[in-house]
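Take a look at this one chain, the form predicted alone, written out in structure tokens.
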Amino acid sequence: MKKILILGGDGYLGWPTAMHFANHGYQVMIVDALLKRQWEERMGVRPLFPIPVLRRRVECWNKTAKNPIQVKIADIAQNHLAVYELFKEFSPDAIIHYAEQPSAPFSMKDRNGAVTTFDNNVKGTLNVLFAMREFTPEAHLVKLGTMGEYGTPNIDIEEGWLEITHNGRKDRLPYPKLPGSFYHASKVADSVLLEFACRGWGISVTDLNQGVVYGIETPETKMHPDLLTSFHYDAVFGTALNRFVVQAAKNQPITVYGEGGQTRGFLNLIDTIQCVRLAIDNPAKSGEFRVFNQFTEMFSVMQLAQKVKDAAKGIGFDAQIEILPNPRVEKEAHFYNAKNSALKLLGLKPNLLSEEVLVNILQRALLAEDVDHAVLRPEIRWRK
């Protein structure tokens, strides 16, 4: 069995990814420092549905499924010796790196949020790279990046690289980055480090620049109530569509920031796992820094809000759209054309955002009994 090490295995993406690989015959170990749960407490937010502690989730899986998951509690950013020991003992064939602070608003709250984001994200990536060089130089690293690294340039967004001509000379260079927050800037720093490690050390990396993820269920999360993944709807850790769905289901206005023309790539949680699986099963070559733009569709924020409004109307809810002053510093109307052909060439079969999908998420949100309406509106602003 191929050994898969999943860093950040307690998270929204990490937990269903771990179950998927275990369910398909891989030997899986997940590592997590449980920091996200601490950050949630610090910000006064929680997932829509209560989530069992990690060891209980793992015990439930190991009793429910045929192929067990191993677990280790470790902080990959602050304890490099633990990372080294982990790589030496487990000797993974592939590493899936989700173990990062994932929120732009968290990183913009204050100095502490920004420093925590860089300290966790960049140091963690460096520790993983050095552990790979020392103990598993043939392993393949699949690292979760973000489409937010690119910003919203007035040209097509290529997949990580750009062929340019300047003063009569040509070269292929990393695509220019325009991060929109300290969180996105930490991801840019990760990408720079990864590219250099491939070029300098010969390791293999796939950098997945992911769009906005939505959804709550995968085939594995349905196997037992304790296997549910976290679903955030708040203005700090919740993604736009997840927040809109909960607002519509709980008779709250769907809050759009600014003009609503901000356009981004989106994908279903199921497709996130599908993309990671494709990257693992078709690894990058030695010394290759490979970048995939990981999304399936593009929508403006207003288009997304209207889709949720229409789906809610179809099941009897009169959801309203409310325009809020934009707490972020970003273009609210802009050109956006991002390429995403690489994963499709590997066999990605997208699960698109249909009304049926939205209704399913709405109906799941309706089951939540304890929604904190206060956390739905943004409190963190990019400019004071």
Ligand code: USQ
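Just so it is clear, the model here is predicted, and its values are computed rather than measured. Position 1 is the first residue in the sequence shown; the rest follow in order.
The next section is about a form of this same protein that is not shown, the form predicted in complex with this ligand.
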Is there a heavy atom of residue 268 lying 4.5 Å or less from a heavy atom of this ligand in the predicted complex?
-> no
Indicate whether residue 330 is a 4.5 Å heavy atom neighbour of this ligand in the predicted complex.
-> yes
Evaluate residue 102 for contact with this ligand in the predicted complex, applying a 4.5 angstroms cut-off between non-hydrogen atoms, and reply yes or no.
-> yes
This ligand contact in the predicted complex: residue 255, any heavy atom under 4.5 Å | yes
Find the only residue in 186, 116, 262, 296 having a heavy atom within 4.5 Å of this ligand in the predicted complex.
-> 262
Heavy atom within 4.5 Å of this ligand in the predicted complex: which of 121, 218, 230, 210 fits that? Just give me the one.
-> 210
The stretch from 142-150, 170-178, 122-130, 72-80 that lies within 4.5 Å of this ligand in the predicted complex, judged by heavy atoms, is 142-150
Residues within stretch 219-254 having a non-hydrogen atom within 4.5 Å of this ligand in the predicted complex = 238, 239, 240, 243, 244
